[in-house]
Structures are given as C-alpha cells and as structure tokens.
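One chain comes next, on its own, written out as structure tokens in the form predicted on its own.
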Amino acid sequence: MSRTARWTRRNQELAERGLRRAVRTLTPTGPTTGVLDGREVIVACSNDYLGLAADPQVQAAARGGGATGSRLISGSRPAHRALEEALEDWLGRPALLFNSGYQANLAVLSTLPEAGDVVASDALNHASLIDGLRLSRATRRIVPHADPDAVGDADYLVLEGLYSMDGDVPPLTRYPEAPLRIVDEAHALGVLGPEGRGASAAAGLVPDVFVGTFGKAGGSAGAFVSGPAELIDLLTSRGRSFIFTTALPEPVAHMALAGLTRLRTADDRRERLAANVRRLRDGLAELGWQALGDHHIVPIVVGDGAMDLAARLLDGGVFAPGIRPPTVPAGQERLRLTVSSEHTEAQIDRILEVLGPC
C-alpha cells in the first residue's frame, strides 16, 4: 500500500469514527460576530475574552516586518525588548518571549526538570504541557484533576490557572508548597486577578514559573515565560523552542504590547465580562443545562450528541463547535461556550434561545 493510500485509509477511519476535522473560514464582522460559510453568526467559541483582537488601538499598533531568524542569531528587535520590559513591570519578574504558548510550555518542561526529578502533572493539563513532559527525562506522575492531596513528594507541580475544557480553577492555595510550581495561566490571563494577572494572583500566590499568552484575552499572538532571572537565563541558553525558531514578527510584538497596555487597565471590560458570564450561566440553569466551572469558559458535557447540538446552534446562527476526542475523553464530548466582554445582552439571550430547554 502506498503512503498516500495509507493516509487516505486513516482519514476514512477518522471519518467513520466521527473524528475527522476540517478548517472553516470565519470572516470577523465585529468582536463577537462573523460570517461563516456565507452565514452571519454570533461567535460563542472565541478566546478573545476582552474583545481586544478587534480593538482599534491593538490593530493600529502593527508595524515593522519579519524577525528574519532566531533572536540569538539575527538579533533581537526593540519591539521584543519593549514587550519583555512591559511584562517585567507588570509581573515583577523578568520574562522571555515565545511564538506560542505551546512552544513556551515545551521549553519550560523539557528544560527545567532533570533526570531523577519527579513531576506531578494534573490529569487535565493541556497537550502542550503533556508533550513538554514527554520530552523531559524526569519521572512523570499524573495526578487526579484538582486534587492537592495526590501530589505527594514531587519536585515539580504542573497546573493550569484556568482549565480550558472544564472551565474551572484548581484549589491553588491547598497544594503543597514544596514542589516548584509551574502554572499555565493562558485562559486566566487578562481576566482573573488584579490587573488580570491570572488565577494565581487572584489567590494571592506567585507561581515559580508563570506561562502566559497574548493570543487570548491579549488580542494578538505569542506567549511568554516569567520567573526568576536564573530561569530566564537558562531558557535562553537551553530552551530549544526558543533557540531554534524565528522570533515573533515585529508587527505581532507591537500588537501584543498594545494589547498588554489595554489589558492592564481593562477593569471595565472585566466587569462586563463577569456580568455576561452571570447572564449566560443563569440562563442555562433556568433551561435545565448543567455547565461546568464558574468562569468565562462554559462547558456543557453532552456525550455523543455534542456535534448534533453544535449543528443545531449553527442552524440558529450561533457558532460554537462541538468538542470531541482527543481534546476530551470519549463519552465527555461537549459544547464549549466562551463569553466575551463584548457580547451584548441580546446576543447572550439569542444563544440561550437557540439552545433551548435541556
């Protein structure tokens, strides 16, 4: 059998299992609306929690060109340094930029834990954290989700500040203090805590290693790792996904800096977001739907019917794709609604109307 025939067979197998995916083009028409396949829709699946991707100040900040290579080879650009300095001012510790949260997590987990170390990793951690640990020579200990008592005598503890598929914050203050704590704050950044500094800050904690992204509430793209100066030095010298890749393009770095500036003072947007979350969650409860978590990620576990439910929403003009394996385990397929500060009350009510009673 030829290679292409094998690939065709594998695609057919995925299709038969309902797991074949396809990219769909969404043309934004506003912070919470767009045109999908010629149909106007309310977007209820974006991670643009504060609507900054459509913010005129963020969009107007883009200028410059490609970085042309690794910062260690082709030189760093002033935009990169300005963004790292702004992050240090915001978080109180140095930061290092990465092209994505995935690359940031790969660098952290393939560099920091060493052979002989034990790393406790929450069972629901993101694929980027899992893949980073697979590259590590440390011993992995997968612990039940949000269970501080299962960590034991681990050297490292790996968590998300806000879980992207269950929408919950782990009990951060109850975990043991001894393990070095690595927290991916991607979905909490900009939304939770003082100035949007994340779930750890909301709990009064400073993680040893802080991973954040600009591509969600920040409204642009890219990511960073923040921590002690010694950590940043080590990642600069040994983090393979930093060393061996072309740096963020200058326009993206400028947009990320503009987004960070807007995000820090966006208390009004955070208040609108909280009000929208309450409206959606209260409405779901009245309709008999049980949603996980308490925050702006609103998952509804429905099992095999998730894709049909998502199709019903789309027929009613609401874009919220179903979530299925391998993103979530088989049997836990779900609808994952995400709320923006820029959703109007009428849009949230329309989402509830199309969803209907459970």
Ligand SMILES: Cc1ncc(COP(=O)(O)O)c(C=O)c1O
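Computed from a prediction, not measured in an experiment: that's the story for all the values here. So that there is no doubt, residue numbering starts at 1 and follows the sequence shown.
Although it is not shown, the form predicted in complex with this ligand is what the next lines describe.
At the 4.5 Å threshold, heavy atoms of residue 259 stay clear of this ligand in the predicted complex, well away from it. When this ligand is considered in the predicted complex, residue 111 lies well away from it, no heavy atom lying within 4.5 Å. Contact annotation for residue 186: at least one heavy atom lies within 4.5 Å of this ligand in the predicted complex. Although the partner is absent from this view, residue 276 stays clear of this ligand in the predicted complex, with no non-hydrogen atom inside 4.5 angstroms. Proximity to this ligand in the predicted complex, defined as a heavy atom within 4.5 Å, singles out one entry of 200, 136, 164, 226, which is 164. A single residue from the set 101, 132, 219, 196 has any heavy atom within 4.5 angstroms of this ligand in the predicted complex; that residue is 101.
The candidate stretches are 247-255, 93-101, 233-241, 80-88, and the one lying within 4.5 Å of this ligand in the predicted complex by heavy atoms is 93-101. In this stretch, 111-126, the one residue having a heavy atom within 4.5 Å of this ligand in the predicted complex is 126; the partner itself is omitted from this view.
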